[in-house]
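The chain below stands alone and is given in structure tokens; this is the form predicted alone.
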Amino acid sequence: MKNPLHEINVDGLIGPTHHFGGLGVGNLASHASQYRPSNPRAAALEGLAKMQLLSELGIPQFYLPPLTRPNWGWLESLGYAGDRADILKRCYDDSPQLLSAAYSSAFMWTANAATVAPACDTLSQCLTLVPANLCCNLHRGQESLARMHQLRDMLRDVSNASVTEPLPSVFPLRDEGAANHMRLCNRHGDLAVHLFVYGPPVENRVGTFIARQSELASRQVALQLQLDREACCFAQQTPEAIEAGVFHNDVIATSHADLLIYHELAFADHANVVEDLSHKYQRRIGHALQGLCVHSRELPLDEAVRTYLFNSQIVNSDSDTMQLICPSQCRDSSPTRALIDRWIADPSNPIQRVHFLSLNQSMANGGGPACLRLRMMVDDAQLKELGARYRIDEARIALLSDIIEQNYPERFCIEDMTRLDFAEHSQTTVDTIERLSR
């Protein structure tokens, strides 16, 4: 019998400049929180607590350090030159949103960093990551190349691993990574089909928000990953979902191994999408896909978006039992909690346990448990080659907790971005965190 692949989780450590800039296109929580005071210390500790839980559950858990913010090079490319204190003041006077983007800590949502396929799925037989260009958002497009370099560094000692260049940063090729991709596989992880989800064309939009993932980008990412075309399905989001705040597919659908959970308003023509996916899964894997459709009568679309149920993480505690990691908002919502309780009580549902986590700072910016992490499937040798540089364990948790407690602010406001002393202290803090993985 083949050795099963290991699912590893890679979370982005939330940085000391975490704030509510309201910059996310179509992200209702982000818009509602704009310019409220944030708590970077609480945000980072909440994210670290989630990583600790995953590690304790036996999931190999890794992290990526925060990127340096403000992004001085980016500001200089926009024409702000000279004394740094003066740059911050002039940019704030010209456009608080532009300065907010330069300070953005949205890279904590590592699900947007790349789309991933394990070696067994690719024609090249190589673990392949395609970094997302994130060109749909002012604040996120600047992350793309930096994340590419971080991922390359993380995988530098891993055999049969490749991190490609992102797609060109042009609007028709807008790509937001694994948040719009699901890999459905057998329990060993070595046979799979891939579902890529994209938004309707801009000319066909029916509401305020544009889709952040284009069909062309999804198809080109599948090509860059060198996937078998017969193992790929493509589905369009419903305009109703996008208008309701479903800016990524992972706000309204989720999957793990052979389980697919989706809201009935997730996909346009969802019956045919699921039928095509199920047919390809059955033909490729040899048994039926477990599809679970959540109807609006069970969970209204606006409540699904508010609680981020579909942005929960599903993990395996053993070969047969799955556990659900949800934001605390799911526990506090009567219809959402009732739905989860029914899943756990159903012996035919592989989800047998739920963990509720406080991620209030991230949720206020429109990001739940799954937003914070990028999943990779690796074999025994690749897991060993990843080593300990970026791996979470008790000692690393203690070190990071101390740095966060001592250096992250408890309150951060938009006006604080004009303070050079804060910017310099943030850079020193990020440098300290980076040294842990050298």
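Sequential numbering from 1, following the sequence displayed. This one's a predicted model, so the numbers in the text were calculated from it and none came from an experiment.
Below, we turn to the form predicted in complex with N~2~-(3-carboxypropanoyl)-L-arginine, even though it does not appear here.
- Of the residues given (235, 330, 106, 154), 106 alone sits with a heavy atom within 4.5 Å of N~2~-(3-carboxypropanoyl)-L-arginine in the predicted complex.
- Proximity to N~2~-(3-carboxypropanoyl)-L-arginine in the predicted complex, defined as a heavy atom within 4.5 Å, holds among 118, 366, 189, 166 only for 366.
- Proximity to N~2~-(3-carboxypropanoyl)-L-arginine in the predicted complex, taken as heavy atoms within 4.5 Å, picks out 243-251 from the listed stretches 243-251, 88-96, 124-132, 299-307.
- The closest non-hydrogen atom of residue 212 lies within 4.5 Å of N~2~-(3-carboxypropanoyl)-L-arginine in the predicted complex.
- Proximity of residue 15 to N~2~-(3-carboxypropanoyl)-L-arginine in the predicted complex: non-hydrogen atoms within 4.5 Å are absent; the residue sits far from the partner.
- Looking at residue 377, you'd find every heavy atom of it more than 4.5 angstroms from N~2~-(3-carboxypropanoyl)-L-arginine in the predicted complex.
- In the predicted complex, N~2~-(3-carboxypropanoyl)-L-arginine sits beyond 4.5 Å of every heavy atom of residue 217.
- Along 8-25, residues 19, 20, 21, 22, 23, 24 each place a heavy atom within 4.5 Å of N~2~-(3-carboxypropanoyl)-L-arginine in the predicted complex.
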